[in-house]
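Here we start with a single chain on its own, the form predicted alone, put down as structure tokens.
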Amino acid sequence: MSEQHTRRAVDIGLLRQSTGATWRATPVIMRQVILALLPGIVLYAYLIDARVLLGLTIAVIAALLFEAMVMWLRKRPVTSRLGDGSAAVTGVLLALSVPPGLPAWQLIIGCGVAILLAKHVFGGLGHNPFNPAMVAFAVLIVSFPVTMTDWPMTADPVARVALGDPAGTWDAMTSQTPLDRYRAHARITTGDTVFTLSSPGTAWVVIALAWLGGGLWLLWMRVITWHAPVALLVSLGTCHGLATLISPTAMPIGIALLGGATLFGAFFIVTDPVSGAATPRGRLLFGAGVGVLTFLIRQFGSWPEGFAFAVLIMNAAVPLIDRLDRPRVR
């Protein structure tokens, strides 16, 4: 094991001691993360598109197969690595990050990128500097921008009424996410903005609150710590709050926090103990950096949702953060 990896292991161990996070075996943690995601998954399938269940199945199977192939090629035990649940969780997180109607072959490519490129190229679980699901998302949205921004809205009753199909006679509807719609609206209007989260994006708010509930449960179970999620939400909310004071067309705080990947990412992405900072103060800085970068990309970039890119940029800054705030071994 390299000196860098040794220091990383020491830092993570000290983090558990200093923050009160309870040590658990990897399979236990992964099962608890999936349990925390279940309410949001059920609501997603019911309110948005049941195809998310098919996507989850494909992604988990593909991730496990890629994991098994790599472990076989590396002549490492296959069953023990598959049993730790890390590959399955990566598949779940990726499937929940992409549109449910994404072609299966593109989703499989994303799983291959996550497991082969983002994880095992660096040595496997515990050694990857970047969040595998976010690496895969970034590759997919750059490679397939059309399908990666085609979000369906087939079951949301509020959306059907607003779009003219209250009886549910249409087979399907495709729509932008609330962040997409708000940005498009802000570009063609001036003055007061009439778009709110009570328009066809209500279902997304309900799902975002489900992610929040799952994240709070993980906090209560002491699987994750509060530092990165709170820092992210505070920094992102503050940036959008200041922006609304300057420009009337800036994205309101409510849409910024509830209308995208914010709550999902705050509790299930930035809390990754491997690609995130190792110390409490480091995680505060990491989460705040993700929040500020997400705001800048949303406000000034070409992508409506900049969360994945913000996470990857801050992942690259983690070695510096850990070096500046490395805990002392007593």
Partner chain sequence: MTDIDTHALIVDGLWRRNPALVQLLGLCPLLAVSTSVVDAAALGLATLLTLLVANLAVSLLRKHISEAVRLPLQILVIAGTVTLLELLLAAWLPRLHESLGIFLPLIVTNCLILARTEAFARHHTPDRATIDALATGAGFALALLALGAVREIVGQGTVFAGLDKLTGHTEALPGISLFAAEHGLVLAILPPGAFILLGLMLALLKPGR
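Numbering follows the first chain given and starts at 1. As the structure is a computational prediction, the values presented were derived from the model and not from experiment.
Absent from the display: the form predicted together with the partner chain. The rest refers to it.
Candidate site formed by 57, 64 and 104: none of these residues places a non-hydrogen atom within 4.5 angstroms of the partner chain in the predicted bound form. Using a 4.5 Å cutoff between non-hydrogen atoms, residue 217 does not count as a contact of the partner chain in the predicted bound form. Contact check for residue 139: a non-hydrogen atom falls within 4.5 Å of the partner chain in the predicted bound form. For the chain shown alone, residue 247 is not a contact residue for the partner chain in the predicted bound form, no non-hydrogen atom being within 4.5 angstroms.
Contact annotation for residue 109: at least one heavy atom lies within 4.5 Å of the partner chain in the predicted bound form. Listed residues 206, 243, 233, 117 were compared with the partner chain in the predicted bound form; 117 is the one with a heavy atom within 4.5 Å. Proximity to the partner chain in the predicted bound form, taken as a non-hydrogen atom within 4.5 angstroms, holds for one residue of 226, 151, 144, 122, which is 144.
The stretch among 234 to 242, 109 to 117, 209 to 217, 93 to 101 whose residues place heavy atoms within 4.5 Å of the partner chain in the predicted bound form is 109 to 117.
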